[in-house]
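Shown next as structure tokens: one chain only, the form predicted alone.
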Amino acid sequence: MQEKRKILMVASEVVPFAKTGGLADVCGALPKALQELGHDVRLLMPLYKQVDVKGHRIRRAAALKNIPLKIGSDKIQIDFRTGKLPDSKVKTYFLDYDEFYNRDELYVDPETGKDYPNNDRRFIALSRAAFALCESLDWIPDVIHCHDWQTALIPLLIKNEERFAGTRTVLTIHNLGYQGNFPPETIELIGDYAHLMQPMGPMEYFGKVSFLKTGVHFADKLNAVSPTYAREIQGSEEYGYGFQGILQERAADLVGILNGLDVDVWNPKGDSNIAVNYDVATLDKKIENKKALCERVGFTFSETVPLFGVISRLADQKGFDLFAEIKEALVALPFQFVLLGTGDKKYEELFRGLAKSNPKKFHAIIGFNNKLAHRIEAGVDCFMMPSRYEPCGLNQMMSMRYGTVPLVRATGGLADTVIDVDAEPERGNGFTFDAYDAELLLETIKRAVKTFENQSRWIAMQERGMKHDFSWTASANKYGELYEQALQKS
């Protein structure tokens, strides 16, 4: 039985308040699962322009106003607002400082397409605010759980915080491709740490100040968001992005914990977003959602023609360069394809072009719509994720919850959750391919199209996926174990 702990979770984005990726999904679900296990969990994030203050009943607090914060030689005053994670009792605090966070996007200036030039100041402030919040509340956590580079300075800064001498830090790496590397003068904004910027030092990375490297060096415990990804990022330049040697040095303190899924939100039995509700016992009703989706996108519905779907950020990482290589061959296949996503313009144009030339077979919705995302998960037969790398991935789990068969590249969390039906006929719940290769992707799509003809085999895959437990409970217990290991460190 784990001891109940006080845990402060600090993140740059949290569902449903603000989101750019899977980090937000994790930080919106894990705190609730930890609290259900009995832990006292509090959450800190910035108050972005996107946060619906009124809708989420976020309030000002007189005791959390005009709190001094130092960034280099600058002294600013911040406020915290308070709220709760929806459908939970998790107290959520929002760092309120308009100059840093009242922006149109979270990290990137939409006018330039580049990172905001003061991102270093913005997230130094978030890291320092963690200590200011706890002291203002007179609540000192046992563990501060940090997420990605935006909060990775906390394990360093805590060394100079006397009241936090008994507090330990855990850093979760959601995507090693984002490291928070800044010009060397940023060190002056962080504090008196120039001695850590010598070549190969704890904060230095190719002449820059690396927030993530700092966290990797100083955190008591580290984890990545799937067991396979934890191995991959230590094993090669392809996945390690130059950090593989740094992570190998911390191998004893680095574990992989697979993300869970909010099974209340992603539940076809009670999902109000979809046309017809169903579960594994009423799987035959799923086809009504396919009919509704076909009508929505202008396809002719057919029980015998498989409908494939993708919901994704349109980027090289997600495998869309492979799509581009095989687009002519895809047009010839007896299937239909619907995409929901936004991102790189070249891929937006790729799918717009396919849809324009083949309107009865391809449909592209450029943008994001949460209700439509649910309808696609429920309506398609097969969901595709041919990612170059995928630290964990959530859509393959969402798909299986909805009786939708995943087709993935066997990397990261995709390798940990999807079992190829041809390799293991009795356990298979989807289709996988290994090498990052366009022809292999095409052959795997062809395998899926062919397998769809054998409906008894297809239904068996659907049922295996729907019966799998993707809830956060198991993962939350593993995080509880990780916190205990961190607290045992001197």
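Numbering starts at 1 and runs along the sequence shown. The structure displayed is predicted, hence computed values, not measured ones.
One more form of this protein, predicted in complex with ligand ADP, exists but is not displayed; see below.
Picking from 392-400, 238-246, 325-333, 98-106 the stretch near ligand ADP in the model of the complex, with a 4.5 Å limit on heavy atoms, gives 392-400.
Of the heavy atoms in residue 160, none are within 4.5 Å of ligand ADP in the model of the complex. Residue 166 falls outside the set of residues with a heavy atom inside 4.5 Å of ligand ADP in the model of the complex. By the criterion of a heavy atom within 4.5 Å, residue 318 is counted among the residues contacting ligand ADP in the model of the complex. Though the partner is left out of this view, residue 10 does not reach within 4.5 Å of ligand ADP in the model of the complex, counting heavy atoms only. Think of it this way: in the model of the complex, ligand ADP has a heavy atom of just one of 197, 373, 419, 297 within 4.5 Å, and the residue is 373. Out of the listed residues 369, 302, 118, 358, 369 is the one that sits within 4.5 Å of ligand ADP in the model of the complex by at least one heavy atom. With contact defined as any non-hydrogen atom lying within 4.5 angstroms of ligand ADP in the model of the complex, the contacting residues in 324-347 are 340, 341, 342, given in sequence order.
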